[in-house]
Structure formats: C-alpha cells, structure tokens
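So this first bit is one chain, no partners, the form predicted alone, shown in structure tokens.
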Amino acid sequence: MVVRVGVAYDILRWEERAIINAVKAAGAEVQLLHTESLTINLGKRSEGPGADVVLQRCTSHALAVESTVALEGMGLKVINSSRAVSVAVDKVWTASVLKSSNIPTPVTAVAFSPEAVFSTAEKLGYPVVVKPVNGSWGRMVCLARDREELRAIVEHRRYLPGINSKVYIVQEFIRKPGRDLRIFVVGDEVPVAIYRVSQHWITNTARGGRAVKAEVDEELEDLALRTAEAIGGEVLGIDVFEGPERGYLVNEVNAMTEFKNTVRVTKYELHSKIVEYAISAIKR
C-alpha cells in the first residue's frame, strides 16, 4: 500500500518544496493541500483529502489553526495538532503553558491597558521588550529603554486595528551574548540546532541574523523535549536564550518552523527527518 502524505500550505517556500521532494524520495505519495483553494466539508471524511497523515505548513497562523481543526474533525492525523499549533502561535498561551510546566523562561507579564503597561514596566525595570500576542520573524517586537520610548510604542499600538494590538506582552530584556538558539524537535529526538548570531538584539535570520551550527548538550536536549511535551507538539522549532545569570531560557515555540538556513549551515536534512517521522506516525 502506498502511503499518502498531505502537505497543507498557503505559500510554497523552500521548506515545503524540500518536504515534497523528501516524501517522493521516501516512496510515498504527496497530496498538496493549498488551504486557500481548499474546501473541507466538516465531518465527511469521504469528501476530504485522502491523506494518511498531514504536515501543517501554513505561514498564516489563522489558516494553520483553522485548517488543522477542520482536518482533524475529519479524522485525519495532522502534525502538529490543532492544540499544539494554537498554543504555539499565541505568545500568551505559550508563556502560560511553559510557566505552568516549570520551563525556565524570561519574566513575562500581560497587560490589557496602557496604564497597566507602564506600571508593569516599572515593576520589571527598564529596558523591557513589548511583543504582540501573535507574530513571526521579529515583527512588532519593540525595546523600550525608558518610559518615553514605551509611551511611543503604546501610542502607536493604540491606533492599530484588531483586538490583539490592545493586549500587551511585556517581557524582561535578556542580555544575550550576541546570539540565541533555534533548537529543533522531531518526535522524541532533538536532531539539530543553530545559533542565530547578530549585533542587533533581535537575532531572527529574517531580520539579518546569521545562522551558525550549534551543538546540543544534554541540558538543551532535556529542555527542548520538556518544552515539546508541554506544548504537545511533534515537530517544533524552539527559541532559547542564554541568560547571563539563569542559563537557558525558552523564549518562543514555532509549530510551522522554517529550516532553510539550518539545512544550509548544518547540512542536516531536517525535511527528510520530518517526513520519516510523519510516515512512522501512520504505522503507530
């Protein structure tokens, strides 16, 4: 019997093309599920995709969450699950789950009014980082070194549309050593990791950070696996800070993680590992 692996996507990036090629190389059949062209008749499995397992790869968080929920409602196995995706794309939810699971993280608070933002920043001590509830690639992440800079950030966000702009994540500023870590979890393994190196305090490669191969020690491996268990994810990219006093701190979790630069600098074929895991999930 030929195994059928679905790939749910909105944009075919390098990562999705690499996954598609890995599925074919594994002798499986690829089912491309372009979410913006897809209609899912809820509850009618016979009218849905014929995939045995689906890899969720949407860049849009809304499309990723809702399409995963709909596909699961048809009885399909989706990697990652709707809960894992929902937790990972909501930074408040992520931080709450990590805290309740005793995962070390930066000190993080949530404020729901400008007045609360200022009082929170005073308690944490400047500088503070102000983050959106939802977002990727370091967008809308701001550093306030004093009350005046915070005032400008809050004033700008007050005029943005959408309820999420009215929810403020205020986080302590971690003085990183010019880098952070992106650690990848696939199932119960931590196969590869990179440093994201930058002179800027935002180290995302989308913002100019340079990818460098990193080694995973036992402490990092344990931290990554405990984080994945807390989130409920099977294929994750986990962002970790190296705190000067408290050591490793989990900052964020990515459920539809990018890995082009990781493959480039490590030569590790993460796409093949992901496909291998997806196919093994069918047999389980």
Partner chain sequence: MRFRCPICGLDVDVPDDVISGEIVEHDCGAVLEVVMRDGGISLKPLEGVQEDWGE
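Remember, predicted model here, so these are calculated numbers, not experimental data. Residue numbers count along the first chain shown, from 1.
Below: the form predicted together with its partner chain, not depicted.
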Exercise. Quick one: does residue 139 come within 4.5 Å of its partner chain in the predicted complex, counting heavy atoms only?
Worked result: yes
Exercise. Quick one: does residue 229 come within 4.5 Å of its partner chain in the predicted complex, counting heavy atoms only?
Worked result: no
Problem set entry | Non-hydrogen atom contact residue 131 with its partner chain in the predicted complex at 4.5 angstroms | no
Exercise. Might residue 251 be said to contact its partner chain in the predicted complex, defining contact as any heavy atom within 4.5 Å?
Worked result: no
Seminar exercise, completed: Testing 214-222, 255-263, 240-248, 66-74 against its partner chain in the predicted complex with a 4.5 Å heavy atom criterion leaves exactly one stretch, namely 255-263
Exercise. Any chance all of 109, 119 and 151 sit within 4.5 Å of its partner chain in the predicted complex, going by non-hydrogen atoms?
Worked result: no
Problem set entry | Sequence-ordered list of residues in 5-19 near its partner chain in the predicted complex, where near means a heavy atom within 4.5 Å | 9, 10, 11, 12, 13, 17
